[in-house]
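So this first bit is one chain, no partners, the form predicted alone, shown in C-alpha cells.
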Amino acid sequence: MFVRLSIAVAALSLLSSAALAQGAKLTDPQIAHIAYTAGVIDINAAKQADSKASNKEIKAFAKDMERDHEAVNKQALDLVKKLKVTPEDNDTSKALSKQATDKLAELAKLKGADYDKAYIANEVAYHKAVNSALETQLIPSASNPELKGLLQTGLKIFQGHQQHAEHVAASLK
C-alpha cells in the first residue's frame, strides 16, 4: 500500500512540476511534448513488462498499453505536423522522463510475481496521475481546439486503462 501511495504522490508531484507550480501557463507546444512524453513512458514500461512479466494477464495488459499509447502518439505527431507546431521540451516532460528512467531501473531488479505486482501498481498510479493532469491542467490549458480534442480522446482511453489496471491489480491479490 505504501509503495502504491508513494508512486502516486511522486507521479502527481512530477505532473505538477516547476513550470506549473510557478503559475506559468503551459503553451500548446509544451502540452504536446508532455502528452507525447507520457505516452512514450508507458510504451517503454509496457515493453519492459512484455519481456519481464510472468503473469499472462500482465503481459496482455502491457501489449494493450503499447498498442494504445503508440496509436495516440501517432495521432499526436500527425496533429503537430498538420498544425506546423514543434513540441517543446520543458521542466515537466524532463521530470517525467527522469522519474520513468528511475522507475524502469527499479522494476528491472524485480522478478516473477514481485515484478508483476510492482508493474501493475505503477500502472494504476501512473494512469491516475496522468488522467488527473489531463483533466485539471493540460486540457484546460490547451488553446488549439484540435489539440484539446486529442487530449480529451486520450483521457477517455487512459481512464479505461486505469480501470483495466485496477482490475488486473485486484486479480493478483
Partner chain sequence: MRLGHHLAMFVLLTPGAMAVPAHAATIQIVMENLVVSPAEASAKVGDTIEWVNKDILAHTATAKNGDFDVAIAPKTTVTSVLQKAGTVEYYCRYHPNMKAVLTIAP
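Bear in mind the structure is a predicted one, so any value in this text is a computation, not a measurement. Positions refer to the first chain, counted from 1.
Missing here is the form predicted together with its partner chain; even so, the following discussion is about that form.
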Taking 47, 98 and 109 as a possible spot, do all three reach its partner chain in the predicted complex with a heavy atom inside 4.5 Å?
no
Give a yes/no on whether residue 156 approaches its partner chain to within 4.5 Å in the predicted complex, heavy atoms considered.
yes
Contact flag, residue 57 vs its partner chain in the predicted complex, heavy atom cut 4.5 Å
no
Though only this chain appears here, would residue 64 touch its partner chain in the predicted complex if you measure heavy atom gaps against 4.5 Å?
yes
Tell me, yes or no, whether residue 80 is in contact with its partner chain in the predicted complex, where a contact means a heavy atom of each within 4.5 Å.
no
At 4.5 Å between heavy atoms, only one of the stretches 122-130, 139-147, 33-41, 66-74 reaches its partner chain in the predicted complex; which one is it?
66-74
With the partner left out here, which residues of 140-173 have a non-hydrogen atom within 4.5 Å of its partner chain in the predicted complex?
153, 156, 157, 159, 160, 161, 163, 164, 167
